[in-house]
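Just the one chain here, laid out as structure tokens, in the form predicted alone.
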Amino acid sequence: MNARQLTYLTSIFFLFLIPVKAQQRPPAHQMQTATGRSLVSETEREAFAKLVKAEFVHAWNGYKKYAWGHDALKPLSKSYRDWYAHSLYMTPLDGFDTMILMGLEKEKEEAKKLILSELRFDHDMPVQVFEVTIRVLGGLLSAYQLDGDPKFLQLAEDLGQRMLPAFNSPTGMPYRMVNLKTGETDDHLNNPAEIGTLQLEFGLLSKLTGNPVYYDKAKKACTALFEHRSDIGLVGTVINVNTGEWVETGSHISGMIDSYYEYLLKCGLFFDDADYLAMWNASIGPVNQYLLDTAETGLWYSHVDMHTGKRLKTQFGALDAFMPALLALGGDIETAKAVQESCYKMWTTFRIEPEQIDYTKMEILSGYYVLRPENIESATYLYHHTGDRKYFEMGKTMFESIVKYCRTEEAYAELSDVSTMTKTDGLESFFFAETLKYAYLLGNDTTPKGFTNTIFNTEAHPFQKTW
């Protein structure tokens, strides 16, 4: 184990960058939950971490057996899926830093050998800028920081250069698609999440290479999006990056918007950038003012019109469940707790959370589950920020239900319908990057030691502030 890995492993227990005003965790001898329950014992934590680690190996072995060298495993047909004409090795890249965290040296070395010997970007194919950024670029950057091999950074810089043409729109907001070889762009209708969730990766690439162009392009895009918010401070769902006109004006925290808010706060903290923090502070107030809805079933985030704040839908889903983690990171622990109670109810009501529900009726709108991590992520954040045992229990319960209903002979499978727990032939790479990592962190808790130099990107790749 090299010095870089040792530093990482001694600090990984507290990977959540806490702002100054955030609620700090009390000393270990003072920590008791509101109900008087004792802390989670070291034995309990170690047993749970061991279980999660074993399930990672189980799923990884299925990938190796049937999908080696490809983006993702198809667990039921025991075959594979690539996103594009050429594999971008998404599962090995997404799982690499989780392997380091778990101390899986053999698996880490075989993944590294595959990535560095086979991964290339000189392909004449269009790719989705957002997904390739958070999974592939993010994976390469975290791999470089944790492993230290300069080949990871070389690949990251090559990829970053090939994606820069995406920002060449009249507004500076990126097109959704870019050809990795020709630089040709496509799809001028984009959304806040795909515009505003590039800054951590492109910013870190600038810090590590000394080339400011990546940071500048991504920040300009995010700023342009922020400047197109409505008079009441909300963004819509779809915007034309050529004209800056909103095409869909529904506002929410769900898919197509969610991680835009996440990166405003995380970039402000990670890069000490006052502009991002100002955008975050100007955004979270309107989000809570207009989107939060108190129902008999709990506290939820709804869908409203971006211009008027009029409620459009009482709809909440698996992706929305990231919000308690973000609120905790921003220091609003009480709202985070209240919303997490609702998120957990969404999970336990149906044994596993559906993709979307009507929260006033607790009825399923979309019943599939694709092994999403956000609910476990929020439980993990709240456990680390409060020390309250109930959040450990929440995360443990959710993970155990994934094992019960999604485990297969060879790996794990998504569910087409949580009402019937019917499996379907998919296993996204974020299961390795996020779901298993956040679950594992529940078993690796310790009192904070002041480590505030690491933050997760939206794919749960840990980025370290080394400057």
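Don't overthink the numbering: it's just position in the shown sequence, from 1. These numbers were taken from a predicted model, which means no experiment stands behind them.
Only in words, not in the display: the form predicted in complex with 1-deoxymannojirimycin (DMJ), which the text now covers.
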>> Only one of 356 to 364, 373 to 381, 142 to 150, 294 to 302 has heavy atoms within 4.5 Å of 1-deoxymannojirimycin (DMJ) in the model of the complex; I'd like to know which.
In response: 373 to 381
>> Looking at Leu119, Leu319, Ile284, Leu269 here, can you tell me which has any non-hydrogen atom within 4.5 angstroms of 1-deoxymannojirimycin (DMJ) in the model of the complex?
In response: Leu319
> Which pick from Gln340, Thr171, Ser259, Asn191 sits with a heavy atom within 4.5 Å of 1-deoxymannojirimycin (DMJ) in the model of the complex?
Replying inline: Ser259
> Can Ile134 be called a contact residue for 1-deoxymannojirimycin (DMJ) in the model of the complex at 4.5 Å between heavy atoms?
Replying inline: yes
>> Taking 1-deoxymannojirimycin (DMJ) as it sits in the model of the complex, is Phe430 near enough to touch it, meaning that at least one heavy atom pair lies within 4.5 angstroms?
In response: yes
